[in-house]
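Quick setup: one chain, the form predicted alone, written in structure tokens, and binding and motion questions come after.
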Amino acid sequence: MSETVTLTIDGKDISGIKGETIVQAAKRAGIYIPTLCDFDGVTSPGTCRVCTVKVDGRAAAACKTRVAEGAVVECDTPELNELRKMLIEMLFVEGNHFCPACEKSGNCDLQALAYRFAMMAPRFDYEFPDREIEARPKKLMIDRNRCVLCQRCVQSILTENDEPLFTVSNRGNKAIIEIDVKKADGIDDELAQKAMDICPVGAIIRKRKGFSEPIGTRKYDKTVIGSDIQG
């Protein structure tokens, strides 16, 4: 039998299973903690830090921090929400995110978070990077100018031989997502669509599939991000 612990999130007592993360425990309890790199079924690399909370007064990534008996977690506070807003702004200016022209608009987690945290004009200067676009695969393309290096694709998109289709090359601010073109040319439409869907932004696009959903029917046209978690 799994060992349970009791912790508090924003004054609400919840039960956690020993070994799981705060994000996982919060989700089961109907408490929304925003994140970009965390995704069900994958090991979160903890890269985006949008899930930052305070645990017993100290800042921590909720997707990497395990639940502990008696832990007091702060999540929905003005200070933390302003921090998340700042992180979202940094992601916007670090890449090229022109939402009206993006195939993922309306289905993009980053765009939805910007709306949720009322981002207007970013407080930082735009970097306007010019990163190479990978368009050689038959069914997919990668616009690295939109990539936030969440690594969801690296963690979850595997070929029929359980080999990764995507990898990370280089380090630091030179890091980019690579795709094995030979393997990519052998994937079916279902895996190509999964790759596009798993990306929280518009970095991975399935060819000949863009703008297939009219405005009003897209994921975040209907409900704000996190509505599927909140009770």
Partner chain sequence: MGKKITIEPVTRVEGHGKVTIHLDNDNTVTESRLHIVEFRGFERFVQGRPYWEAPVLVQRLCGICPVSHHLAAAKAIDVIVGAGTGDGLTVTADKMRRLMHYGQIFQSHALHFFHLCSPDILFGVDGDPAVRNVVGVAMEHKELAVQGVLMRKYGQEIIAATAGKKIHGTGAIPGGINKNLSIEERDAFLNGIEGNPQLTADQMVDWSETVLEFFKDYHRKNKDFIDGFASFPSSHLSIVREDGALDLYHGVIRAVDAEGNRLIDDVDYQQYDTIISEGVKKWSYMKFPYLTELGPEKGWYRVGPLARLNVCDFIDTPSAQREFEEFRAYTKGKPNGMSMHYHWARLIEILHAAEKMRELLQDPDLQGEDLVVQGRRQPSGVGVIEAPRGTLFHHYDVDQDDQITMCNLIVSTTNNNEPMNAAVNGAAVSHIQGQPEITEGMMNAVEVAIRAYDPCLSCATHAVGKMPLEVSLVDRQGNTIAVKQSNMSV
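Residue numbers count along the first chain shown, from 1. This is a predicted model, so every value here is computed, not measured.
Not on display, but discussed next: the form predicted in complex with its partner chain.
- With respect to its partner chain in the predicted complex, the three residues D56, A59 and E79 uniformly fall beyond 4.5 angstroms at the level of their nearest heavy atom.
- The partner is absent here; in the predicted complex, the one residue of K27, K194, R206, R49 having a heavy atom within 4.5 Å of its partner chain is R206.
- Checked against its partner chain in the predicted complex, the residues A135, L158, V72, M86 give one hit for a heavy atom within 4.5 Å, which is A135.
- In the predicted complex, at least one heavy atom of P214 sits within 4.5 Å of its partner chain.
- Using a 4.5 Å cutoff between non-hydrogen atoms, A121 does not count as a contact of its partner chain in the predicted complex.
- Proximity of D143 to its partner chain in the predicted complex: non-hydrogen atoms within 4.5 Å are present.
- Using a 4.5 Å cutoff between non-hydrogen atoms, E94 does not count as a contact of its partner chain in the predicted complex.
- Per the 4.5 Å heavy atom criterion, its partner chain in the predicted complex is contacted by stretch 198-206, the sole one of 161-169, 184-192, 198-206, 27-35.
- Taking its partner chain as positioned in the predicted complex, none of the residues of 157-171 brings a heavy atom within 4.5 Å of it.
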